[in-house]
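Heads up, the chain below is alone and in the form predicted alone; it's given as structure tokens.
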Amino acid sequence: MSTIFWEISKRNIRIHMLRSSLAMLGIIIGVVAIGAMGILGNSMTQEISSSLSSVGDSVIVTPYSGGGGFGGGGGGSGSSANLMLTDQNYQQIKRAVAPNVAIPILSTSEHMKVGVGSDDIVATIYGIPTNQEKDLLPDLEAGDYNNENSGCLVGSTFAADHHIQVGSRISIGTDGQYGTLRVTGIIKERGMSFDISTDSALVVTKEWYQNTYNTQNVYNEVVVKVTSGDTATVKTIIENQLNRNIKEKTVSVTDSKATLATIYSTFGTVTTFVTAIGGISMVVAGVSIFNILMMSVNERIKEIGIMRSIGTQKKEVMSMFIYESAIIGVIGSLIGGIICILAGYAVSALMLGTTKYLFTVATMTSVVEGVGFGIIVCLLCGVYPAWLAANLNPIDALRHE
């Protein structure tokens, strides 16, 4: 018997194809809105996670400027002493965090030329102790680390933009006033970073930087690579050692792992919010289906009366309308799921520049959730009209004109 009611449901959809298609369109739009927003949000979270995961074990110490937070990479030869960490500060940090590695960093922006006749450009230069380059920059794309003051490392983006190779020479300063450096290695792309951003920068030895810019025994920041203990504990130790005077703090300390957790939480909240907005369109589509099924019940009152009078049970009449809402919901949701993947691909390519996170578990879960939500909404919206049809008085239904 159930096959008969299934066929009756399909027949009714075919008879009212236009309004059924419009209801289905609403479900498709709802699924696409939920799924595409989920794909974008999860892809962005994974992109950030991939870019920052390598620096999640760092604690960054910068001079206290009264505003909290950190200003990694700022300053330079023109920085005032009160915006620099002293060698004494560095030694205190080094002793406090042992056996973890504390790396002093110098940085400035400088004019340079990357070849004969090339245009004058400005890029960031970082000064790092030669014996600690591997601790801070463990991955090179090509070449080797600095072992002499006349060499430098360059970021992968800088190398690609200016056609730099290992062995290329870069003139530092206006008209090469600070000499020429030979590129010994190219740093693998690091993406976003809390400590130093090397992708479009140069890394030189601390000795070359200090001799060139006459910055002895002061640093822009200190990066602690935490291999023993956790970052929160290391942060507390540094603050207790260097910020004993509450009224006159010496340093600002940033726990990269805690900052990462905050970023992930924020992106998760944003993703949930925009997905919820997409869910509103699904609710609207559900109301449309509810309206269509109510119209169908009103149009078929006499038909229902005849069916009930020949012995059709209430649950069978009810199943007829449930089938109808299920067909609309399943077909609309599946079509929406397919379009959602295509839309997610386009949005990821345009906004993130990559689609490598499209077919991960997290992003595909968003599609499944959208499809599942669409089907559930359709079934729920079909329950009351189906119940109403099943509980019509057969005699009153037969008299209905």
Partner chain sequence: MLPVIQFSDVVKIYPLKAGDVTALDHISFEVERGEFISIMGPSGSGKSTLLNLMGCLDTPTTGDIFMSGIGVRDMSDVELTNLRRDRIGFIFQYFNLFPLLNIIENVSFPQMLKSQKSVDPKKAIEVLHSVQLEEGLYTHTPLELSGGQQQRVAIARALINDPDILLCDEPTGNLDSKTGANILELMTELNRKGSTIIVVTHDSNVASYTSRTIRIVDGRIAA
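Residue numbers count along the first chain shown, from 1. In this text, all values refer to a predicted model and were calculated from it rather than measured experimentally.
Separately, the form predicted in complex with its partner chain exists; it is not shown, and the next lines address it.
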query: Quick one: which of 306-314, 149-157, 271-279, 195-203 gets within 4.5 Å of its partner chain in the model of the complex, going by heavy atoms?
result: 306-314
Residue 300, heavy atom within 4.5 angstroms of its partner chain in the model of the complex: yes
query: Any of the heavy atoms of residue 20 lying within 4.5 Å of its partner chain in the model of the complex?
result: no
field: 4.5 Å heavy atom contact, residue 25 to its partner chain in the model of the complex
entry: no
- request: Using the partner position in the model of the complex, report whether residue 15 sits within 4.5 Å of its partner chain, counting heavy atoms only.
  value: yes
